[in-house]
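Shown below, as structure tokens, is a lone chain in the form predicted alone; questions about how it binds or moves come after it.
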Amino acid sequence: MGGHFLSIGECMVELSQAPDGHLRKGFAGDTFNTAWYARACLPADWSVDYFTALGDDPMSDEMLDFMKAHDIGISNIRRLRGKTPGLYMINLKDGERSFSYWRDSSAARQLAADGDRLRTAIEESNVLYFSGITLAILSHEDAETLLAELRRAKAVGKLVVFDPNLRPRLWSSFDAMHTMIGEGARASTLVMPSFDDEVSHFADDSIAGTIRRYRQHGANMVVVKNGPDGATVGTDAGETLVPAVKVAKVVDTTSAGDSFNGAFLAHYLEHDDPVAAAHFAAGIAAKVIQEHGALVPPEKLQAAG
């Protein structure tokens, strides 16, 4: 009963602060984090692959080795001569994070430049996952190529999942961001926004308004994440609030939303129950925010949910 999950986007070199104050290196990025948690929660009969572009440098080699070692497929990753991965650093204060980025020449900006390779990878997959960041880092032409392939996938019944993950500084203007986020939603079956982003950048005054807007774009389901206030699942049957799992101490919220997305999708793909999937995902996210860094080892998640 398994299938093929394909996550599309940018994986970066991550620098985060260890408890002793030293910087430690890892690999992360919104769509890769979601692939990581989907892999941790899906059974072995599901494959999880990553679609991106990397350079021909030693850091790209190391990143590929890391993915392969953790059972995330790399056969769809292009290698570009003279390019490198992007890099970011997490800055933490009281468990909340901010980021510094070095990604202008990242190879991932060309991930959709080979349209034939992209189409083949999508055709071989059952579930497609992408984000607003995926769209933002691409040229307009390449973003249109990606969206066209995702629309084709949706039309033939594949599950296409979109996290808007709104990052205005990656876009040329607010109008460009609003337009392309709308196009991303139209290409998708399921949209998984964060309410604080939607309030800040779309001026939504309620979760119901966020759900309504994305469903008007054509999404069959919308799952709105709202941090410690839980998540709301919106479908044809109505809206259901699923509470967050309370934790004694928040250590790092870097991958809270990404881990929720990956865990939600893993449970939903196995059980076809979005409310139960949101409860499961809340348990995983609660584990994740009590650890440092974006990627929590699977063995630390086993007691979650």
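Heads up: residue numbers just count along the shown sequence, starting at 1. Fair warning: this is a prediction, and the values are worked out from it, not measured in the lab.
FYI, the form predicted in complex with adenosine-5'-diphosphate (ADP) isn't displayed, but the following is about it.
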(request) Would you mind picking the one in G209, G230, G182, G115 that has a heavy atom within 4.5 Å of adenosine-5'-diphosphate (ADP) in the model of the complex? (result) G230
(request) Would you mind picking the one in A40, A53, A28, A256 that has a heavy atom within 4.5 Å of adenosine-5'-diphosphate (ADP) in the model of the complex? (result) A256
(message) For a quick test of understanding: in the model of the complex, does each of I72, E123 and V160 have a heavy atom within 4.5 Å of adenosine-5'-diphosphate (ADP)?
(response) no
(message) So, A282 and adenosine-5'-diphosphate (ADP): in the model of the complex, are they within 4.5 Å at any heavy atom pair?
(response) yes
(request) Indicate whether adenosine-5'-diphosphate (ADP) has at least one heavy atom within 4.5 Å of a heavy atom of D205 in the model of the complex. (result) no
(message) Residue-level contact is defined here as any heavy atom of the residue lying within 4.5 Å of adenosine-5'-diphosphate (ADP) in the model of the complex; does W36 satisfy this criterion?
(response) no
(request) Answer with yes or no whether Q110 is in contact with adenosine-5'-diphosphate (ADP) in the model of the complex, where contact means some heavy atom within 4.5 Å. (result) no
(request) Select, from the options 42 to 50, 256 to 264, 233 to 241, 59 to 67, the stretch whose residues sit within 4.5 angstroms of adenosine-5'-diphosphate (ADP) in the model of the complex by heavy atom distance. (result) 256 to 264
(message) For the stretch 135 to 161, I need every residue with any heavy atom inside 4.5 Å of adenosine-5'-diphosphate (ADP) in the model of the complex, listed N to C.
(response) none
